[in-house]
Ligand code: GDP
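Starting off, we have a lone chain in the form predicted on its own, written out as structure tokens.
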């Protein structure tokens, strides 16, 4: 019987042999293809690159990158952010050259717009007065402004940045008065970053001091010209040559010695030489040809910020370009708002403020950070959108901050569980002071105890602070703030400690003492006496009693005891009972006989020596 042929023309089916042949001819398409690693020799990356993103740039699998880092002792996941060192470690493994680039930020507030030269006009110089604490910086500004700012400062020490504009013979100069105290290094750095000219005040009777050197370093880093004001020339022990000599050692060479730095002798207290200093500032400003465009939206920097109970967030701005007007929508850091009111340093209302003008504004939705950049916008809607995006990125960055953890770090964190810590909430009158207090407290180094600042901001102590302190068992430190009666009562009810200060070193001193008090006591052993066993008595239900003579010091009831036989410690324990005749006694001094027992030990022999000791607490120092 003939087989039915199912492969007739028009049947719609292909002959089997044809299909098999097709499969053989095209089997390559069914065989998995192994992708060859691309030949990559250089990559570009920016801050915040994740393991997954780096793997893609290097043409590798994320698991390969994770394996490389794990072999280096780093535990990461595909979403972990990598720092520069980790990126270089991975690239070195694959012989790739990494190049770091700055990502373009569409919401940047930096002034990157090129101005039309025809629009530029001369602007006042921004002058920062810097120097060591108590060398006369605020007194000098006092003399220039003819006011009494210094008298109002706690302890005569400037506690925040002040910004002022003064007119000298028809010429305007904007001054920044930065604190000279060591704790305000960060604030002083911010002052130098926005300045055109730095005036370094050095007391003629004191010479160059630590903060003088810091001020010089900040001015050099900001690449601004310096003028040295040699102050306190009215003092009998004033020695300007010493100041010149010490400043020349820092690379600041006086003009008189062939250098390019002008030294001006002054007495801020009496006002002598101040006119010469101002003329020098104007001359240096003329050489720099400082210009700005007033016919554009304003940009600049936050000098200081605070939360005022009546007015809300208040920011002191220094306008560096453009003109800020009342009603302008602004973005300040991650905050936004409309300029509802603008005032100068004397509280006079301003309708507009041009380049190099310091002013105080209200109308923001939150307190910005000192040092934040600000920018004015055409519409409030645009300002709000930019601020929201910047705020969102800031929150995301803080969440991802600790993504990559080394295995060593993990073990350290486990060990750190034994470390005692003092949780602290800091509230200050202005943001700069809050930063300074936080920095000073975190520098305290007492072994076994650490400060943990869980919250630090400007503003009055409020209900939320009390609740946070209660939940985290924290102490609140208030700097130049005073809680009202209700807050005090609430703190007392919740057992929250509030410590109030207006001078930083007193806050740090108090906290240092608290940290020492929290330390687990450290004990050292003290030998209090020795005795020799002369007789032994065995008593049922008591054990072996040693009759002994105290040969030095004294034996004290229940003290530590070592039994020494032929110079070797046979047993170490605790003295059980101590008796003279039939009475229990607290101690037996040298030259007296006594009877003793040793807790949980009876192998006492004639000739054994006893060494009595106690552990005494030793106070720990930083």
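All values reported here derive from a predicted model rather than from experimental measurement. Positions refer to the first chain, counted from 1.
Keep in mind the form predicted together with this ligand is missing from the figure; the text below concerns it.
No residue in the set 323, 326 and 375 has a non-hydrogen atom no more than 4.5 Å from this ligand in the predicted bound form.
Screening 132, 357, 427, 123 for any heavy atom within 4.5 Å of this ligand in the predicted bound form leaves a single hit, 132.
Proximity to this ligand in the predicted bound form, defined as a heavy atom within 4.5 Å, holds among 136, 478, 313, 529 only for 136.
For this ligand in the predicted bound form, the listed stretch (267-275, 86-94, 496-504, 297-305) containing residues with heavy atoms inside 4.5 Å is 267-275. This ligand is not shown here, but in the predicted bound form it comes within 4.5 Å of a heavy atom of residue 231. Contact check for residue 309: no non-hydrogen atom falls within 4.5 Å of this ligand in the predicted bound form. None of the heavy atoms of residue 473 is located within 4.5 Å of this ligand in the predicted bound form. Heavy atoms of residue 235 reach within 4.5 Å of this ligand in the predicted bound form, making it an interface residue.
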